[in-house]
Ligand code: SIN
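Single chain ahead, written as structure tokens, the form predicted alone.
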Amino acid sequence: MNITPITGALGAEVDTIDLARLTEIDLTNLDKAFDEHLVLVFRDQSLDPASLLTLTNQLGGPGQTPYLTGLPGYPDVVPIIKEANEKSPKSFGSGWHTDFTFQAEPPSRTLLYAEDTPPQGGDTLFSNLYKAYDRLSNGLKAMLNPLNAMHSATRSYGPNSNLQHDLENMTIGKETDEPEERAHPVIRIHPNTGRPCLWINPTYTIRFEGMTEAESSPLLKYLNDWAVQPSFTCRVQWRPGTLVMWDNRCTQHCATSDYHGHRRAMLRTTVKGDSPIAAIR
């Protein structure tokens, strides 16, 4: 297994491994590489819904996937499809976010497998939230360490959301009433590495606990802009047969929408996670 870092911030390409035929030693080595690089890219894989689900089970089992409709017979395998003739250029997952942080136990990792990709474009960007925390001033760290933030699905799946209208070939649900808010620590400790990270995102983080959205907005905007500066990021280019696995406990990601008029078809699963652990209480 050859591991080649993508940037100095995060991400690595992993060669000479078949994800459909992993041994226990392979899984151990992959977990070590995953904790070090946060985003792993595997090229030239041959996966179908059954083998992708088997891999997901080997990594801890599928997480809950509300609002998104899975494949017949494989409800935990969600097709992410953008057809060439769609009216809106918007892609699923565009806009920086960490997956499903509105859940009590958000997914630990996400797997995305490319079946069909545009001739260019459709890349995914990732940001290292360990680095985003490490490079904050000591004063701001001290202020953020004891705070919770409130997370909600309202912007993407609430009664006033319009994500469903931008993605013509995906079946996406939405709430008729305002979805509940969930409190999570602003500074999260990774359960494997013990490292702290800045665990907020502009899609699902609504406000700080005990504050209004208006009061929270200036600092949240600063932190969200800070977290995705170029020196904290990497960019992954897709081609058919590529699987990318990323750690939702310490990263944000963003899909680009720069391939309007071309088809992009992916299969997505998540691995179940735990309740986030606070840095200081």
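In case it trips you up, residue 1 is the first one in the sequence shown, and so on. Computed from a prediction, not measured in an experiment: that's the story for all the values here.
The form predicted together with this ligand is left out here; the points below concern that form.
Taking non-hydrogen atoms only, residue 107 never approaches this ligand to within 4.5 angstroms in the model of the complex. Taking the partner from the other structure, this ligand in the model of the complex has no heavy atom within 4.5 Å of any heavy atom of residue 196. Using a 4.5 angstroms threshold between heavy atoms, residue 208 stays clear of this ligand in the model of the complex. Using a 4.5 angstroms threshold between heavy atoms, residue 253 counts as touching this ligand in the model of the complex.
Screening 132, 112, 77, 189 for any heavy atom within 4.5 Å of this ligand in the model of the complex leaves a single hit, 112. Note on the interface: of 133 to 141, 85 to 93, 148 to 156, 175 to 183, the segment with non-hydrogen atoms within 4.5 angstroms of this ligand in the model of the complex is 85 to 93. Within 4.5 angstroms of this ligand in the model of the complex, the stretch 99 to 132 places a non-hydrogen atom from each of 99, 112, 124, taken in sequence order.
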